[in-house]
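Okay, here we've got a single chain as structure tokens, the form predicted alone, with questions on binding and movement later.
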């Protein structure tokens, strides 16, 4: 361990867990403080498929997303991680053009509208099954000597009483902790149907107000979705469930008779731009904000965590003691 180096990560969703594991790679002690265990976070509700959808700023988002894709790809050979490749298609408004996040590994191909086919592109994405992946990630953190503390944080300064590095991955809680009025809840509801009816993912974004998607997983298939801006509850609606199913059936009639397993809902922490930036707190230490990923939390998680790790590593290397001091 680096003497005197310790980090407190606030929040135990996918962003907090990813940052905690990455910081352990620097050889420093890490604690996660959270009022919600991973299974109760909005990360567990995520579909979740790699897709940098409606998240900004584009240049940084694309970089984080591509690095996450590369690292998730390396996990596809581990069944215990719940990560696997899946092929599919995306329908978007014309004119049809390749997305700016595409890389050769994704095998993206533009498909015209000939022979009655709607214009779209196909590509290879990655499904991250959160009921498997989040416990696996938590296990990695604990096996690495990490400590999980059940603690509701009321002020970011609390962390500096115990460490010189504090990482703010509080999700929607960051609105309170930082008084950030740009951070808003966006409620999403998803429907779970039985597995075996869909073997490819499908996104239909021709109407941005009512996006449609189907994502196959090992034990079920996720149908979506909704985006209720300013709504922060996790209540499910039977009426919304029916609407989601009806839209998805029109896109793929093969699921019409699939057994419905239920609905899940959660409030995403949306911000007009993801906030990932360091702050030096005089006589306290280094504070790094990492929140506001909206519906792309899984997609950006490893890339953002890698940048957090780089910021901390730079601060350690710049310190004469080899540990971050309190300024």
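Since the structure is predicted, the reported quantities are computational estimates derived from the model, not experimental observations. Numbering follows the first chain given and starts at 1.
The following text describes the form predicted together with a small molecule, which does not appear among the structures shown.
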Look at the stretches 279-287, 22-30, 61-69, 36-44 and give the one with heavy atoms within 4.5 Å of the small molecule in the model of the complex. 36-44
Can you work out whether residue 48 and the small molecule are in contact in the model of the complex, taking contact to mean some heavy atom pair no more than 4.5 Å apart? yes
Proximity of residue 274 to the small molecule in the model of the complex, heavy atoms at 4.5 Å: no
Does residue 171 reach the small molecule in the model of the complex if we count a contact as any heavy atom within 4.5 Å? yes
Is it the case that residue 151, even though its partner is missing from this view, gets within 4.5 Å of the small molecule in the model of the complex, heavy atoms only? yes
Can all three of 16, 188 and 296 be found with a heavy atom no more than 4.5 Å from the small molecule in the model of the complex? yes
